[in-house]
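In the block that follows, a single chain appears as structure tokens, in the form predicted on its own.
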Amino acid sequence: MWVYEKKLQYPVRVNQCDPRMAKFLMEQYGGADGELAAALRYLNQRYTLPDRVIGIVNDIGTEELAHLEMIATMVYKLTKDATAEQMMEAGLGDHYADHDKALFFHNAAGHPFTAEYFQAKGDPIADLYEDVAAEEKARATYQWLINMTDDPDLQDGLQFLREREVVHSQRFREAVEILKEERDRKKFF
């Protein structure tokens, strides 16, 4: 069951129209290590995980949808007042020709989102290690995005998202340890 609150998980503010930065943020919207891929990965993997860790993965997958909403809001705010010329100058001419300023799931290079971005192996420990790697890649990407803007308000939202990736990585590592302990426990019959 989901309860939707009509507010973002963390406030999103931007200082000015900046389609160039919006283009880069699209990596976290529709890219391989972005929020959509993470949410779908975790919400799919949860079905074959042991009961002891399903809640962790489900909670994180749900939170990733909130992060996707934050990224969408950032991209929208950075492009809503842009002219067609500004969109083209920012490298978003192809996007503008196809979608105007509407959001579309693709990465910063313009490649459409694909389910090939994530895996579900069926081995709980293997899947959780992939999840750790996904969170660490997202954390790194957020740091690079923070480095690419001088907008302190945008940096604030990106720093929040970066820190949540750290927390998620830690939670997935905890889940791995729970499963390793369970696997290594002596079994008596």
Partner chain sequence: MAGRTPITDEQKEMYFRMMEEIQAVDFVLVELNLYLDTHPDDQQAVQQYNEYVQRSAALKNRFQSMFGPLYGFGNSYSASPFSWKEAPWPWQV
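Numbering follows the first chain given and starts at 1. It should be emphasised that the depicted structure is a prediction, and the values quoted were computed from it without experimental measurement.
Missing here is the form predicted in complex with the partner chain; even so, the following discussion is about that form.
Annotated contacts: Y4, P11 and R52 all touch the partner chain in the predicted bound form [non-hydrogen atom within 4.5 angstroms].
D153 falls outside the set of residues with a heavy atom inside 4.5 Å of the partner chain in the predicted bound form. In the predicted bound form, no heavy atom of K23 sits within 4.5 Å of the partner chain.
The partner chain in the predicted bound form is approached by E63, whose closest heavy atom lies within 4.5 angstroms of it. Among heavy atoms of N107, none comes within 4.5 Å of the partner chain in the predicted bound form. Per the 4.5 Å heavy atom criterion, the partner chain in the predicted bound form is contacted by stretch 156-164, the sole one of 32-40, 143-151, 156-164, 119-127. Shown without its partner, the chain has E69, T73, Y76, K77 in segment 66-93 as residues with a non-hydrogen atom within 4.5 angstroms of the partner chain in the predicted bound form.
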